[in-house]
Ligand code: SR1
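Take a look at this single chain, the form predicted on its own, given in structure tokens.
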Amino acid sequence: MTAEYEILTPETVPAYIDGKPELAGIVDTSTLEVAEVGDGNLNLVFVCRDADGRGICLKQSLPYVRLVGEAWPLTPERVIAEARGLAVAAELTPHLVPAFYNIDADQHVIAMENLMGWEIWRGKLNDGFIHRGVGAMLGEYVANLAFFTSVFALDQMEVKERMAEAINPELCRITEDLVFTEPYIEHDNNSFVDGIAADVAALRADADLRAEVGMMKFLFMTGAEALIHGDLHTGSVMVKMKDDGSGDARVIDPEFAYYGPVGFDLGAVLGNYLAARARAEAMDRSDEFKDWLAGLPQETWDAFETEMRRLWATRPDPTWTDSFLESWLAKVQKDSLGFGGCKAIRRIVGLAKVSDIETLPPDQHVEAAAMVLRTAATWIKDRNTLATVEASNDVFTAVVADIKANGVQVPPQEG
């Protein structure tokens, strides 16, 4: 049982910082402005800035799911998992995550860099902004975690020790329920607009789809390949423009981090790209924007593969041959398609929707949601024959063409 602890407020944050020697000198608390900006589903987030423009960000895990309230208790110890994920990434890819300052295990507070001037990528995508190069940065991030926290780079005993330390059962249970189970049954956490009721019924009646979702859930529960972020989506990436006009990115919020399948992080990104693309199609955004979105999945995969091949030359164990790498990369790409489909479906049917779809007017909402559901179901069922991210794009293109031509009609039921 977790002992009670003080829940921070904007008024109490300065005194909290003053009481932590590890945070001394980062900001001047006498001139500190504090705002609670947590718009996620779980935590409090305090962004702080002093009169000299210096900043710090504090994130405190609550003893319940913020989205639901005290009726859904949840261990605040999850902040330890986030601190571990951030610290590892800060060592491997310091240019892709906020600076990590401190973890307070008693008060369940993590202190990190305040990314002043940065914005959540999902919001910028919703507004039609292009940040070139960000997709590749996410591929690089996943590859470094995949290589350096796995048996590819570490002794097997160290991997097992890290795996044991990184166990994150309550957060994993949330994913197991919300992503792989609840959307396919009647459940109080589910909700969706009436216009896609037939599509949802078709998903639930499709025995082949249900079986393949079960395979993805089994892999999520048993496939401990490397330390993964566990919730890598466009809402857990912050972006800004560089002086040269390209985009820059920082990955945040790794509280779902645990040892799992590498394809899950890549799939989470693909599933969120799908939601962004469906929004763009429903809104009939510019061809430039839609073409850029269409290239994001391949950009992320190519960067992941390129970085893995670069790192592969440093592996210490001759067991992992070049031929093994080819087979493993092929497997991860197929896993990514399956996980991407599962992550996309839950955002339409299950708890915790995405603003990409939810903020659309009713008719566009229905159209975009149907695009996501039909594309995602095909990704899951046909991932082994599709095999590549490029082929998954073709599925979306065909679904969009059908819906644009025929509207959102009742899809055929299978299984």
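All residue numbers are counted from 1 along the displayed sequence. Computed from a prediction, not measured in an experiment: that's the story for all the values here.
Separately, the form predicted in complex with the named molecule exists; it is not shown, and the next lines address it.
Taking a 4.5 Å heavy atom cutoff to the named molecule in the predicted bound form, the contact residue among Lys334, Arg78, His233, Arg84 is His233. Exactly one listed residue, out of Met112, Val134, Leu178, Val88, brings a non-hydrogen atom to within 4.5 Å of the named molecule in the predicted bound form: Leu178. The closest heavy atom approach of Ile26 to the named molecule in the predicted bound form falls outside 4.5 Å. The closest heavy atom approach of Leu145 to the named molecule in the predicted bound form falls outside 4.5 Å.
Using a 4.5 angstroms threshold between heavy atoms, Val65 counts as touching the named molecule in the predicted bound form.
Among heavy atoms of Ala370, none comes within 4.5 Å of the named molecule in the predicted bound form. Stretch-level contact check against the named molecule in the predicted bound form with heavy atoms at 4.5 Å: of 344-352, 52-60, 28-36, 381-389, the positive one is 344-352. Scanning 242-260 for heavy atoms within 4.5 Å of the named molecule in the predicted bound form gives just one residue, Phe256.
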